[in-house]
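In the block that follows, a single chain appears as structure tokens, in the form predicted alone.
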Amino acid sequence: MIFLQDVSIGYQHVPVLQNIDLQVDKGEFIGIIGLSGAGKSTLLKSMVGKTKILSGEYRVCNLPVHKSSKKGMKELRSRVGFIFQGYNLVNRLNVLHNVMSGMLKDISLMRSVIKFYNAAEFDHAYECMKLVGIEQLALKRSDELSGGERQRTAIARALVQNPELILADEPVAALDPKSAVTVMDILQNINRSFGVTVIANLHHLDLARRYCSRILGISEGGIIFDGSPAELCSQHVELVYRRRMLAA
């Protein structure tokens, strides 16, 4: 699903992460942990070409991110669902039309603007909303939703793409504990039931241990831990978060 060999990524010509080697297989649920500013979001965004690849070989869904054309990047992004901490919903639209906006790879922009969808498209959107438990909110404006409901709407929007890969950038950081567990349960269900690969940046170490099959720890410009939750011991945690501990 994802292959990085000796990859450096960053902004302009300044690397944030260097000499990264990583392989992700289909169906994995990976949690990325690390301090704020360590490069977690940079790594996630690089998987859809939103961060500059400075060197190395980088493939996602067997497409070369390091030398991809605009057409190639468009194809890649159509196969990847991205979930944001800030939800990225259109507040004036209801839940249904926010979810339907995830179909832009399959329908024309004009059809989306005038909200012209066929029965099969409506059915697909409804099934995605039902999967995350928001079908009863279909006609409610998104700015009237709770944080948890907004994030579930964002997940449903990603699902209508029929993605092979879901990238979630701090999907529960702004949520209360109950809503955070609900969202993580949904992502785990998607991963297990449909075989969709999920990669999530997580501030909550307990959630990473509970839900992820594999954890990556990022610190000082690189991946310093790569293993199962059972292999993540206190020494590894100290290495990942040592800057904060040293400051304290």
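From a predicted model like this one, the values you see are computed outputs, not experimental measurements. The first residue of the sequence shown is number 1, and the count goes up from there.
What follows is about the form predicted in complex with a small molecule, which we do not show.
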Option touching the small molecule, based on a heavy atom within 4.5 Å in the predicted complex, out of Ser68, Ser41, Ser219, Ser179: Ser41
Can you pick out, from Ser55, Ser36, Ser213, Asn62, the residue that has a heavy atom within 4.5 Å of the small molecule in the predicted complex? Ser36
With heavy atoms only and a cut-off of 4.5 Å, decide whether Ser78 touches the small molecule in the predicted complex. no
Quick one: does Ser142 come within 4.5 Å of the small molecule in the predicted complex, counting heavy atoms only? no
Glu170: touches the small molecule in the predicted complex, heavy atom cutoff 4.5 angstroms: yes
Is Val24 a contact residue for the small molecule in the predicted complex, using a 4.5 Å heavy atom cut-off? no
Please state whether all three residues Tyr11, Val16 and His203 have a non-hydrogen atom within 4.5 angstroms of the small molecule in the predicted complex. yes
Contact stretch among 41-49, 219-227, 180-188, 204-212 - heavy atom within 4.5 Å of the small molecule in the predicted complex: 41-49
